[in-house]
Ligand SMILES: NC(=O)c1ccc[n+]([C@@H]2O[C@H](COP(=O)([O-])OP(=O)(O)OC[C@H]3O[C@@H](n4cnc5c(N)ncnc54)[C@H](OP(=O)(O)O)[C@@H]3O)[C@@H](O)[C@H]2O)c1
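First, one chain by itself: the form predicted alone, in structure tokens.
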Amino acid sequence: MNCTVTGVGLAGFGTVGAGVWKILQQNNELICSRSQGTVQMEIRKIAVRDLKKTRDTDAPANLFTTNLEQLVDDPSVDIVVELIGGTDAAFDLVCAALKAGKPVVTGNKALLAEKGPELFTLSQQQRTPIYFEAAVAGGIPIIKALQESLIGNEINSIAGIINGTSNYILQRMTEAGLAYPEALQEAKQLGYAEADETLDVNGWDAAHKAILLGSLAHGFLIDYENVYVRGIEKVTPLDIRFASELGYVVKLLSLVLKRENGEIEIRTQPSFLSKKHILASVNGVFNAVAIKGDQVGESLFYGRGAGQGPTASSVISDLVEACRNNSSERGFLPTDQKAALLRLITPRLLTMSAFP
């Protein structure tokens, strides 16, 4: 089948970047066939920090560069994929790509949560889209669900377990009676926690994702400094046992709630979750997001929240969307200028026995 070929520039070739390469090598013809001959992609440039690093792929050496600017300047690159993480270099790269009229695909939730207002404003001005399905919940298509499937619903609540590292640690504290340091060490040994676990366990990885979901659900850009965030570092075995005796489990829960007065409450914190609640059975490094819409009622999205295959799969999904719509506006566009975020600076006890 004769497909139009779209050139892709990859910034970052770690776990997810290598996964994108592998999927395109393995399933490019499948993508072309399923898109009815409209989409075929070819990676034409890969920016990395270290050219000498050994990599478990067959990507040709001539594709690699240490110069991020080449992804923007190379005329054979039509779409830029940002997978380098962080906020500084990533912000500069995304801005440069948008100004050059090249759509951006990113999995960088911290970048979008902290720099979203500037980036999405630039995206609108340039009429060049940003896609970010991979930024929330790995392979779960939660962004597309909010943007497309649930577009006819007022979203009353979102409740999510969206950090697999914390979820695994709390599960082991519950099942094996481990103290937090022991459970964390086990998670690191199994590769479920990074060498620097800070953003996972202090709640901010999940909070960044909740901010993005809140922005999509309620149509306004959210100031991350006004979101209440608390991690799991101070959860003790005594907390776990106390919760169990009362019929609850402890989960790191992210909530986006619409109050009766119209204010939006967003928080991430350890919470008492009824053992009968649908999210209580989400264990290990899996993620789940429960959404309540005024028309559809309750919906549950469940799957792997991280890892090479699931996250790279979301990147590929966005790349296909970018190929199909590379001249139209996409990504997050503010729709409700009247919505207001409830400023949260103090914790409150969260106990949930049913959908919020």
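Just count from 1 along the sequence shown to find any residue number. Keep in mind it's a predicted model, so treat the numbers as computed, not measured.
Not on display, but discussed next: the form predicted in complex with this ligand.
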Residues in which of 30 to 38, 301 to 309, 317 to 325, 288 to 296 have heavy atoms within 4.5 Å of this ligand in the predicted complex?
-> 301 to 309
Heavy atom of I84 within 4.5 Å of this ligand in the predicted complex = yes
Look up in the predicted complex whether G107 has a non-hydrogen atom within 4.5 angstroms of this ligand, and give yes or no.
-> yes
Should V80 be counted as a contact of this ligand in the predicted complex, where contact means heavy atoms within 4.5 Å?
-> no
In the predicted complex, A206 touching this ligand (heavy atom, 4.5 Å) = no
Flag this candidate site as yes only if R49, L68 and A134 all have a heavy atom within 4.5 Å of this ligand in the predicted complex; otherwise mark no.
-> yes
With this ligand left out of view, choose which of L221, A89, A145, L122 has a non-hydrogen atom within 4.5 angstroms of it in the predicted complex.
-> A89
Let me know which residues along 236 to 255 have a heavy atom within 4.5 Å of this ligand in the predicted complex, or say none if there are none.
-> none
